[in-house]
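Structure 1 and structure 2 below are two forms of the same protein chain, each written out on its own as structure tokens.
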Structure 1
């Protein structure tokens, strides 16, 4: 048998909504300070016809939240509106109020979108409001989901790229922001939209060459959805990307993102790692080879910038992979490199490098047998 009670741990009685609507001055003294301007919208006479609905629990809830009066008020009216099914301009006002207090309020977003559609509201205004809310709540999923729905209606993705570029200035690695950019590009997929994407990535990498989101985006542009008509010469694209990533590695050798990108390009194009040996080798040595006169600088294979910390762990790993693939006597060389990683250069992954040694021995003995 259940005992039905309204559990209201924060504020037993009277319901804040009623108090504030009928007689604001009569509200509990302790709470009066908390009644900021934003809850006043509900005290206006035009809300008098709405019956606010309290949140209802028929059993003691887990983790009850001690709502502010302001929030309780707004959500009581919101529940009332949802029950009546009203879709009107004041609903936009109310849902904005709720969302500003709780940007994760799933239902408020949902109902707001329905109302916008029902009213045929100007969506550019809504997007402008979203420009502000998105920057404020970059990490809230709903902000981005709502934006997607809106742009699917306006079918005007152009301004979005600039908006995204601006919000990436606030948080350069924000996952939602990057996903949204990838979605805009892939969903609308027109050439004009894509035309400056490589420049954009390059400028992002200019600000931070270690930004993995930007590297990932570059792969998406160069090898996935970004492939355009006229890009059919895939070998040229691969050469361009290899040159690009080599230059970035030369500037900052200890950058896992760039090395992962290099591997990604090679795997994608099915190019054996050994073809990069001339480039990678100097990075895997404890110091730059002495006495290389500047005139013999190999543009294909830029050397690590001065003051680089060498050897570079990723380069040592890369050289070991080359030796392992060669097999035979080269396995000894690979093992030496893995040992140096395990015991000296990358000790946190000692177990991994020892595992690589053990695995290569297994393959070798398997091959011999």
Structure 2
């Protein structure tokens, strides 16, 4: 299965397939209506029985927060209904009002969820509202946590993967969106959910090979989510992932995310870095070694793509780590590589490389002693 992910660097509006899902429920006031209703709660007769509670009762704070009149009015009534313990349709209206003005108001989210459960409200309608709010407030943790609670109740995770894929078109690296996707997969742990996940993450990396969030997700799928049917041969999985990441490094050698992934696979499989020396060495040199015809393709150790900027800092560091692990006379080689990073190739981290050199000298002198 091939999943097409279209990315516009200008950060487009949500795609049409997503917009069709995010229309607010009929009973929910629009944002402008919500603001107007908030300002007029005090004058609305249906709220006359509620005693609003000021945030600062009998207190004169040194540095009060200056809220808008609309927000102060809504939260005063919210505190009033929390005190009385009321759970009713108008509480859903009020909490939505508060949330639209402040999507990070976790108390409003919590009380809204309790009210939904008490009223046995249709949760599909609530998810439709969440579609809208998640796109507007992608970086607000409370939106995603509320969505988790709802899906735990509906037990219908299938549509969530499509929603998440569309949400990632708006912000391809958003931590909350990726975390929610991992939670959906791990919590329900259904083979149907997992079946196309590698295809999905590969499509994301084809769109942006430097997407560190997508690389992290691939590691989660391959190594941190259990063993599913067809993945029992773990050595084969390691070989597959090493081949995959090598190909991506060849395309974009100065991609820190791919090099971190390579190290992660090796560490997970307990493979010494030295076993990849033949692959890494050409990337650590200022130019490709002489005598290698450009048309020669080594599938096991693909060479840097044409016009790659060499040497690659991550490859130089990798080679230094190989020599450091070997110890003995190889420490001199590691030191020379660290010096090249400090003085030429990665001067922004000069102090770090000097620290590595100093620590290596301590190790060497201790061994000599």
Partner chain sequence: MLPASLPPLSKGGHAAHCKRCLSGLPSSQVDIDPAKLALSFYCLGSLDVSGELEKKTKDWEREQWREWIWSQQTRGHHGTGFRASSYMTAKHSTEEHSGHDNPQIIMTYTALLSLSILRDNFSRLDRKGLLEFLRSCQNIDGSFSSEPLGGDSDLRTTFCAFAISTMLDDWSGMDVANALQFIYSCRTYEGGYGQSPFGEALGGTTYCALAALRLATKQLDPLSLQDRQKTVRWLVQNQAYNGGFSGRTNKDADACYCFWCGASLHVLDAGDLVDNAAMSSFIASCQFKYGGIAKIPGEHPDPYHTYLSLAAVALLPPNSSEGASWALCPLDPLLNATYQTSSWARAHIPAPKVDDDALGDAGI
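Positions refer to the first chain, counted from 1. Source: prediction; values computed, not measured. Under this definition, the rigid core comprises the largest set of C-alpha atoms superposing within 1.5 Å between the forms.
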### Query
Between the first and the second structure, which is the form predicted together with the partner chain?
1
### Message
Checking residue 60 here: with the core superposed, does its CA move 2 Å or more between structure 1 and structure 2?
### Response
yes
### Query
Would you say residue 345 moves between structure 1 and structure 2, meaning its CA shifts by 2 Å or more once the core is fitted?
no
### Task
Answer yes if the Cα of residue 50 shifts by 2 angstroms or more between structure 1 and structure 2 on a rigid-core superposition, and no otherwise.
yes
### Query
With both forms fitted on the core, how large is the C-alpha shift of residue 327 between structure 1 and structure 2 in Å?
2.9
